[in-house]
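Both blocks below hold the same protein chain, though in two forms, and each is given as structure tokens: structure 1 and structure 2.
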Structure 1
Amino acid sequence: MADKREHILVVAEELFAEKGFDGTSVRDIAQQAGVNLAMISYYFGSKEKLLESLLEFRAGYAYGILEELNQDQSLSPWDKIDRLVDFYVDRILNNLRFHNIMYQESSTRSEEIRIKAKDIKLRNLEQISKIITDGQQKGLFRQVDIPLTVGTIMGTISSYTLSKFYTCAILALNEDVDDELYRLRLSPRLKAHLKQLLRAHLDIHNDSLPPNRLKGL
């Protein structure tokens, strides 16, 4: 075992996402990670600080990708939106555990954790904002509420990753389908929907749309 500390974090991540923070005992984590119970206090200080460490451990990754995507001059804003959707769907579906902790569990915890989670989200929002404002400056995107648009992306995905039961019903899958097939079905559908949605939402040509609403009547 290369890094025991990191291994504990990965195991804790899985368990937290599966059973919730309060629903997971330190003994669960220790046993699943194959380490002594006392090692968790020894490494992290407490269960709450373990969660804090987990946030730090995972925080950097998404930001790096977004930054890179942002600086890529060869991609049009539309391409970047598509890539953004692909990235987030893939990332969330492949890191369901961490995502659930980050977006639901952390909001009921200590102030330090809530602040940390907030800051991570704000940093990511900043990067996505740049992509959208760039598209606006280039005359491709219309005026939209950017933070809420980001909320729409994350929220749409989350609404289908929080409850496997409901999602399986929608996808016409058996409830105990294996994770591989589950992702395989959900991923393209989420991506297609979000791209179609954002295309219409962001397109500059739709700026004159609101008054047209009554056309069809």
Structure 2
Amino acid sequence: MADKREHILVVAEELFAEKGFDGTSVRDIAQQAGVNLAMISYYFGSKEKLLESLLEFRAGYAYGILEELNQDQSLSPWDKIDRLVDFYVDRILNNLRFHNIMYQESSTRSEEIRIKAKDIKLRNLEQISKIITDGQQKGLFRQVDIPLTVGTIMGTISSYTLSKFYTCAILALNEDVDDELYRLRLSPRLKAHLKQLLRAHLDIHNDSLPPNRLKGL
């Protein structure tokens, strides 16, 4: 039964990405998934609730990875930052449809969807904050605004993955390039830039402002 529910979510994701949330009906999802309308109603109740479940389905995996990363005592804080960058770049580039859906719908949908998206982001922020705080406690990272640091990571990735037309111009690719080549060209550049940026931003040796002044920002 769980496999059938997951299958419906994957099909809905494909249709939402192709036709938009408003352009996709529950009947479309049922026909594409090979199930009846009653089954979708049984699992989700409504199309809005299905979208909520899709957000949670995709985001739950990310949270688990971040939690495991935090608990891995064999990795240094710098190793964890590098792994964090690799994970988010790969995760978003390999799931562009979901990323685009979440970006578009989380700000325009119902209050329930907005709350769900906010809760997911805050939950993941908590795990990332632990990584940065651990580096600070070990004398490796300077005091920074953690939510804005995370926003810098996600904003940089999103600015390129949400505008393929622009990104292809930057990468000297045709706009109709296949997704695989697009990822292969963009991924290493994004990872290298973010890791270099975070090294400069977090390294305690690059601290140019007194801690008290930072706290007042």
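In this text, all values refer to a predicted model and were calculated from it rather than measured experimentally. Residue indices: 1-based, along structure 1. Take the two forms, find the largest set of C-alpha atoms that superpose within 1.5 Å, and that set is the rigid core.
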remark   = Mapping for form predicted on its own resolves to structure 2
task = Superpose on the rigid core, then tell me if the C-alpha of Gly34 is displaced by 2 angstroms or more between the two structures.
result = yes
query = Does superposing the core leave His201 with a CA shift of 2 Å or more between the two structures?
reply = no
query = Upon rigid core superposition, what is the positional shift of the Cα of Thr24 between the two structures, expressed in Å to one decimal?
reply = 4.2
task = Report, to one decimal in Å, how far the Cα of Glu14 moves between the two structures once the rigid core is superposed.
result = 2.6
